[in-house]
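Consider the single chain below, provided in structure tokens and representing the form predicted on its own.
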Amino acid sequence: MSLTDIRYDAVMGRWEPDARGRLLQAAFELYVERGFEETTVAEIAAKARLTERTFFRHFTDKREVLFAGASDLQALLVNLVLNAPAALTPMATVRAAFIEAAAFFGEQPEFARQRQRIILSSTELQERELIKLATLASAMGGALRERGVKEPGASLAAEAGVTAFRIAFDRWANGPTQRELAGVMDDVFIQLRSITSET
């Protein structure tokens, strides 16, 4: 290895571990400092001491930094729905899946709260979030249909569950930091059950 190679590696961080994690951290810091719209991929890569090419190996664009975990969350929720006890009603199945999946966010609460603040600061990101939530509802509705739930019950349960999740997540992200997401989510699902049982 030449001296030029050593210098290049030192500057660009080519051999340092966890490129994805460094890109995430750099992007979040820049989005908070400068705003999402004002931050470029080049700036994210430079702050992480990586190349733009490395950025695009991990993310399709700068928006996807904020939505990178969406497919993992969807896979988790679909799996929880498919494997829920057969005796549960469709709505109870969706509720149980979301409450169990709350740990997905609880492991890094400040990261999740910061992500929420960044999304709320941009109309473009809010639109992308709604698209991701619609995709999630569709996938969960499909999982309910696999369990034998007929339409429109499967779609109604999935859509209502995703709406309850969105409201609960917003309350948790903007509420007292000591509250667990699962508890906030449970409160919202209880309110949903109360409203739908009104005559």
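From a predicted model like this one, the values you see are computed outputs, not experimental measurements. Numbering starts at 1 and follows the sequence shown.
What comes next is about the form predicted together with another copy of the chain, which does not appear here.
Comment: 125-133 is the region of 125-133, 75-83, 97-105, 110-118 lying near another copy of the chain in the predicted bound form, near meaning a non-hydrogen atom within 4.5 Å. For the options 32, 139, 70, 156, the one in contact with another copy of the chain in the predicted bound form, meaning a heavy atom within 4.5 Å, is 156.
Checked against another copy of the chain in the predicted bound form, the residues 171, 58, 147, 62 give one hit for a heavy atom within 4.5 Å, which is 171.
In the predicted bound form, another copy of the chain stays beyond 4.5 Å of every heavy atom belonging to residue 24. Heavy atoms of residue 181 never reach within 4.5 Å of another copy of the chain in the predicted bound form, leaving it off the interface.
Contact annotation for residue 167: at least one heavy atom lies within 4.5 Å of another copy of the chain in the predicted bound form. Heavy atoms of residue 151 reach within 4.5 Å of another copy of the chain in the predicted bound form, making it an interface residue. Along 72-91, a non-hydrogen atom within 4.5 Å of another copy of the chain in the predicted bound form is carried by 89, 90, 91, in order along the sequence.
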